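Below you'll find only one chain, the form predicted alone, shown as structure tokens.
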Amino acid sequence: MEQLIPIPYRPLLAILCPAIGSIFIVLFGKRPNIRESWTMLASIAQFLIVFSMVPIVIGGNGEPIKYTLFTAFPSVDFGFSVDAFGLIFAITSSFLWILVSSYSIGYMRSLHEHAQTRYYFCFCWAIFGAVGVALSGNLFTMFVFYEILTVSTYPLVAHDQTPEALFAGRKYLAYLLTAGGFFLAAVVITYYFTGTTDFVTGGIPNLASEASRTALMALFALFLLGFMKAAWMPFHSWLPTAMVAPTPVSALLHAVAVVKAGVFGIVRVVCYIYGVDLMHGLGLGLVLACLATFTIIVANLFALAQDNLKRRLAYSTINQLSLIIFGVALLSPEGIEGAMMHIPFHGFMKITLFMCAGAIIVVSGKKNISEMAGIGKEMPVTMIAFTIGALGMCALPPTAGYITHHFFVHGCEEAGGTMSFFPYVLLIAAILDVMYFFPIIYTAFFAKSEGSSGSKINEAPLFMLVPIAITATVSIIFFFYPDLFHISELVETAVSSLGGVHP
């Protein structure tokens, strides 16, 4: 790979893969087999290029791979800086795009969906935006890709073009374009104070000296509003509303690209703009932890009331995203490790759950939990995979969710003081997770179906079933081997490079 693609060009080529793929998708729009082959080829190529950068970053003691396209403003380049933390998100997005592309083929063909060329085209640009966010070298570059991600996913949310879908799309844009305005304001103010927007391990050195305490707190609030994609409450309602989208889109929103870009951005700001020492000095860790725990508990309570499976999963996502925010808010080594690790771990577990929900819709047409009595006996592979994902959401072994919660609890102990109270919040959240996930499992496997439609329900097509089996299996493998895809090593490299991370 090194001989074929010089190291400095790999970030650019990794990002360009979906953009190039989108061109061929349009060119072969009337030939589905070739069109979908280009989707698969682009996704595989992107993952291979992203993954090829892992040994370089790890072997270089965390030194990033840098590539600059042009200088936009004095001391502000439009370019990439591939570090260990960015690779975690890029690996997650690019690998899961391969599986979601396969799943989409089975889903879209089974339901004879319209506008499939537009669907695959927009999917490419959504991943273009997500991986661009992951590999951005500064806030300015991240902002550009962040907005590309917003705009490219709007047609996916509104794909069905029903009044409900169009309303969901408008609401989606209203929230996230507004968020983009706050993000841009935060970028401009950061540049005004420091003369740079670069991500610096440990935080921008002169930020604390150039801005007052009040200004720093206001700036942090702007960043939080800018990252509404993280769906923290009360700015969350766009996410359940977006469930009207096709299930592969829901999987993209909730497990891969959009929401992960939000929490990724918050972790970036905490660790690479403000830095742990400044966050401690301003008391922002406790503020962020309280915001996260409020969202965790309330989202779980909302989830309990949902009968629609995708909406229940949506509120579960809101809860899990705030777990990542909570982890970084601890400002302790294990807390930050847990936050970074939960990005890929949650991605695999949650995408499993959404793909299972889509398989049930394709095969049976059932969308509500109350209608799914006995479906586990008719779709055993799908519901076993669902059970694995649900166990992960409940932080139970043998799933990846148990590993990250272990880090969160120890992170609370490291942080000490007020933070030592928060493990009880995590316990309450886990109990609530059990309360709304286990009834689904019970209904599927043990409840008796009332009557029969006369048609036998089978498993979903292999294009859908294989990705489900892979993501469920990986969710268990992470429990026994967290360094799959070098995730654990990348997390350790990222945290060790952060100056000032201390209990």
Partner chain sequence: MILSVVEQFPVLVIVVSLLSAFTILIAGWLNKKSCWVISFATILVQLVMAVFILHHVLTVGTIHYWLGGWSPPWGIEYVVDALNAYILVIVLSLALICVTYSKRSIAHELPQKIVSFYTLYQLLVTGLCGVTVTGDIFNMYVFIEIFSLSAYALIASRGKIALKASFTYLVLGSIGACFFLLGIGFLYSVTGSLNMHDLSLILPPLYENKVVQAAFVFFVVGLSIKMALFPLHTWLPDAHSFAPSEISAMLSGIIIEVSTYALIRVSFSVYTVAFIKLLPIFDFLCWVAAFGIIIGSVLAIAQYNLKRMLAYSSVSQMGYIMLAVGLSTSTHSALWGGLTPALMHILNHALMKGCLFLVAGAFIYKAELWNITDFQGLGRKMPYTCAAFMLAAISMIGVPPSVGFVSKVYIILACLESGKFIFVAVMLLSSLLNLVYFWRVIETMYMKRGEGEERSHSHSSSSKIDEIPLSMLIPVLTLAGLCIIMGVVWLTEIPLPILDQVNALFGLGRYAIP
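Quick caveat: nothing in here was measured; it's all calculated off a predicted structure. Positions refer to the first chain, counted from 1.
In what follows, reference is made to the form predicted together with its partner chain, a form of this protein that is not presented.
The stretch among 340-348, 382-390, 165-173, 269-277 whose residues place heavy atoms within 4.5 Å of its partner chain in the model of the complex is 165-173. Shown without its partner, this chain lists 287, 72, 218, 282 as candidates; in the model of the complex, only 72 has a non-hydrogen atom within 4.5 angstroms of its partner chain. Residue in contact with its partner chain in the model of the complex (any heavy atom within 4.5 Å), chosen from 225, 185, 200, 291: 185. Contact between residue 181 and its partner chain in the model of the complex is found at the 4.5 Å heavy atom cutoff.
Its partner chain in the model of the complex comes within 4.5 Å of a heavy atom belonging to residue 160.
Mapping the unseen interface onto this chain, residue 377 falls outside it, with no heavy atom inside 4.5 Å of its partner chain in the model of the complex. Contact between residue 116 and its partner chain in the model of the complex is found at the 4.5 Å heavy atom cutoff. Along 376-393, not one residue places a heavy atom within 4.5 Å of its partner chain in the model of the complex.
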